[in-house]
Each structure stands twice: as C-alpha cells, then as structure tokens.
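Okay, here we've got a single chain as structure tokens, the form predicted alone, with questions on binding and movement later.
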C-alpha cells in the first residue's frame, strides 16, 4: 500500500517571522564584540533585521545594545564567578545582555532570564539559563567604582585626578546619555554642540564667509546663523564627506562641501571671516552617546591627537583674515587637548586676542570655557575663541 505523507495543515507550516527585538540586539552585540563600532552596527541592524520592528521595539533594541556595550565591565564582573571556560562570542553577547537587563534595567528575573534564553544559541541555552539565574540572585559587591560604573581604570582615574568629585559626577552622568530634542529644522543635535554654534554666531554678528574645517557629520555647519553669506564645510574623509553632503542637502543646501585635509586646505591666505575648528579629539566628554568609545580610546592616543589639533589651528589661522574670529572646540575635558593645545598656540601667535564667551553655561577654563557632562546632562565640551588683530 502506498504510504504517502498527508498534506500538512497550515498551522504546521513553519511560520517565518521578523526577528524579535532581543534577537536583533544579541546579533548586533555579537558583531560589536568582534570590534565593529556600536553606532554603525546598530544602524545597520535596525535598517535590516529590525525593519519590521515597531518604534517601541526599535528603541528597546537601542537601549539593550548601547546599554550593554556601555556597561560591559560591570556586567562582566557580575558574570565572571559563574563562567569557568572561554565562551563563544554569541553566547557571551546573550549573557551580557541578560545581566544588563537584570541589574541595570531592573527587568524582573523571570522575564529577563526566559527571554534571553529564548534568543541565545540553542547549543548554549542550558548554560545561559543556569548562569543568569545565579546572576539574578546576586547582590553585587564591587571591587571599585571604576568596575561598578563600567570605565577603564585610566579614564576613571583621569577624571578624578583632574576634577575630583565633579569628575566622578561627570562619569556617572555619562552612563545616562543625553536625549537631545530636534532643532527647529528637525536636525537632532546635542545641547553643548548647539552652544558652540551659538558662540560662533555671537562672535561674528556681521557674518561673512565661514569655514568649518572638520565639518562632518554637519551639525555645527548647518546650525550657523543667517548672517553668514558663505559657508564652507570641509572634511578629510571621503565617506564622511558623502554623509556630510546628505545632511547639507537636507538641512542647508547652500553650504559648499569640500574634501581636503584640514591641515592643508585649498583655501587661500586670509580667505575667511571666521573659522571653526571642531577638532578630532579623545571624545572623553561624549562617552554617553558613544557607548563603545571608552573601550576603544587609549591614553596614548591623546598625545597623537594634540598634534593634529595643533596643526588644524595653524591652518585655520592661515586662512583667517585680520579681524576674523577663530573658534576651537572639542568634546573632551582633558588638560592636554584643551588648555595645553590652546595656550601653546596662543603663545606662538601674539596677534591673537582671546574673546570672552557669552552664556552662563560655560565654566571659565583657562582662556576659554567648558561644560562638564553633569552640569546640564549634556556632552562635555570645551571652547576657545580668538580674534586675529593683524
């Protein structure tokens, strides 16, 4: 007799569904653990696997990925007593995400454990279940505050040595990143960056021609006031310049984008009425919105960056006309990248006169101003301005 398999009922056919928020998150975390940048990975996964997610679920993915990445040292300390062997990257990603939910999001244990186990690799679900149930029962004992608040020792010590208890407050503040509101034109820009743009406008009320030497991603250039008759946005990296061009097209089409090394531009001597040097820096004031930056930057890199910052200031001065205004800003708080760079630059150029900053939000800092992250729950930002007298 012919034994044929009966046709399957519709309900027996495998349901192909969009991935859940936790599935997307653990996949993104696995990619980040291989060395990829968190913001880039998150954007790619939300644009691909996360396309079918609701806005609420997309926000949850962002919280899981950024929060787990940011608090990596703390969650690893929670997991460490219960792990006896080296784990595959995807298994470790699931465990970290589960521990983050348990101890930082305060997700109920049954939900955090069960939902994490369901998205863990099948081969390791028993392990993930056992470890997370133990972590759920732990009342953490932290060896030090750098571990508790999840920073490399050198960053924690740097802030405390320079700023004392205010440094501690800044580091804790950056574990709850700023949620900036859109500008009037819809562009989302942090408050400290807006204050830099306002300072640029305030120092040059008559406008004219301005050059933003390190313009990507475009927030400060597109925020320039209406008095500027010509805005040039310069960027050294072609890929970032293409992204900059898209921002310009959407928010300030009259801006001219130029691709060149900011230390050796095509602009002539005395070309600009104002120059903004929003310099590449250690980013130690922006560790909140850059969740993985604390794990990538090294103490040694700061010295290298100061050389670039110095060269950018020299080029900015070359293309600045007499009576023009030069603005230097960095989203960091280190002494080397703020006072160190600017004082050495000013000493070499007596034709420059420091300008007093407007706005009570700026703390006096050498001959410029500073916002620490905990002051207004923003990025940390330093700014210095000079007028060229001859």
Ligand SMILES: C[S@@+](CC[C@H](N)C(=O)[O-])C[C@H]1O[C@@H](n2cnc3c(N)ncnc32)[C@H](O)[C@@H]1O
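Numbering follows the first chain given and starts at 1. In this text the structure is predicted, and so the values were computed from the model without any measurement.
If you look for the form predicted together with the ligand, you will not find it shown, but the lines that follow are about it.
Identify which of 146, 257, 236, 203 has a heavy atom within 4.5 Å of the ligand in the model of the complex; exactly one of them does.
If I apply the 4.5 Å criterion carefully, the residue I get is 236.
Could you spot which one of 219, 180, 167, 177 gets a heavy atom to within 4.5 Å of the ligand in the model of the complex?
By the 4.5 Å criterion, the partner-contacting residue is 219.
Test of understanding: in the model of the complex, would residue 318 fall inside 4.5 Å of the ligand by heavy atoms?
Result no; residue 318 lies far from the ligand in the model of the complex.
Is residue 280 part of the interface with the ligand in the model of the complex - any heavy atom within 4.5 Å?
The answer is yes: residue 280 has a heavy atom within 4.5 Å of the ligand.
Hey, in the model of the complex, is residue 215 touching the ligand, heavy atoms inside 4.5 Å?
Close contact exists here: in the model of the complex, residue 215 approaches the ligand to within 4.5 Å, heavy atoms only.
Would residue 263 count as a contact of the ligand in the model of the complex, using a 4.5 angstroms cut-off between non-hydrogen atoms?
Residue 263: contacts the ligand in the model of the complex.
Among the candidate stretches 237-245, 119-127, 103-111, 149-157, which one is within 4.5 Å of the ligand in the model of the complex when only heavy atoms are counted?
Contact-bearing stretch, as computed: 237-245.
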